[in-house]
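Next up: just one chain, as structure tokens, the form predicted alone.
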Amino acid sequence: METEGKKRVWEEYQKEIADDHYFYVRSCIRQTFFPGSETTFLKILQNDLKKDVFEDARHTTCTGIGYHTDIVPLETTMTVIARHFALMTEAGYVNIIPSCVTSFGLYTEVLDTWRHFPEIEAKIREYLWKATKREFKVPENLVHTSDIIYKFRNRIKDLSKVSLINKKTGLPLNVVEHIGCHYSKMFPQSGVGGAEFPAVLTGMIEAWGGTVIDYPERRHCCGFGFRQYLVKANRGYSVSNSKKKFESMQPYQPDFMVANCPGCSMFLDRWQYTIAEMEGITYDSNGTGIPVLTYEEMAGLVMGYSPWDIGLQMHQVSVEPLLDKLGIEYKKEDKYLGSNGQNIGEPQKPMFLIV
């Protein structure tokens, strides 16, 4: 009876995730931070899983950063998002999958607002028509791209070339998962597992052989928060949030971190460099820092993709210690080669963080 009760409770935390035919929208900031992640997602979905994924080059930012910093008015944001829905409609799709958790949160917020206030939706439809002569249907299925990888995690396991196992010890890797606030906290019912038990990343980690670390600040914000970083005077608050998380996870000796938010991935990676430069410390035992992956990068490694082809050289914290544990072969001399084989330039060496 107890087990059946738990199953019933867990059913409340599930969400419908379409099987195929996705209208894919990229993240404006993710293309700058870790551009290989989105390319890796498309390769896995289209080439390996044989799914129909369409993207439109006319897609633009959702204005999320501007909206959350009170620069872009809500009605403007809604009209921009309505245009996204119009592009989806014109392409003949009904399932929309944003790459950014802020876009996912905003789309969810907009659709929820329209459900409660249909007169606002009518006004936005009028604005869109006057501005672009476009019309739209609301998506039938809205999920984040991490939901898609979660849905097909077992299929990816079947196709995998690498497991999240330390080749030297034979033990599962210890993994810290970090869920973006705009994925699970704004509308808990819209994320797999809700805000209390988000399973979208843990499901991937466990399916692919890793062990999830539960530590005190597991659900603490990474510190991005838009205003905390965009306003220069607030950046100390931003870095202090990440520092609090690093100090909390340090005793558990994680092998790497994985996040489903573009900003979280970037800050958990970059702030380790910043803290090392400021205080001369790292949160691992070797001085190289704790590698931070996006979920697409983690999936790409599991699928046997080249670490440099998926863009791991873009990370501030070196990934080579993790690749060695996974038993993945790589050429150091290829790390900073572009797609044309030319050297794209190596970053300047930091003072304390070993790279």
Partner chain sequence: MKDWGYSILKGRQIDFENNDFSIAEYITKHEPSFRWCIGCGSCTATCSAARLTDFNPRKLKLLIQRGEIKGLADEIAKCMLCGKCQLVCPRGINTRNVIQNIKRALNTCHAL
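Just so it is clear, the model here is predicted, and its values are computed rather than measured. Numbering follows the first chain given and starts at 1.
The following text describes the form predicted in complex with its partner chain, which does not appear among the structures shown.
Query raised in the report: If you check in the predicted complex, do Arg235, Tyr273 and Glu277 all have a non-hydrogen atom within 4.5 Å of its partner chain?
Result: Affirmative, all three are within 4.5 Å.
**Report entry** its partner chain contact at Lys243 in the predicted complex, heavy atom, 4.5 Å
**Finding:** Output for Lys243 is yes: heavy atoms within 4.5 Å of its partner chain.
**Report entry** Touches its partner chain in the predicted complex: Val162 (any heavy atom, 4.5 Å)
**Finding:** Residue-level check for Val162: no, no contact with its partner chain.
Report task. Look up in the predicted complex whether Val239 has a non-hydrogen atom within 4.5 angstroms of its partner chain, and give yes or no. Result -> Yes, contact at 4.5 Å.
Query raised in the report: Want to guess which of 92-100, 154-162, 265-273, 136-144 is within 4.5 Å of its partner chain in the predicted complex, heavy atoms only?
Result: The contacting stretch here is 265-273.
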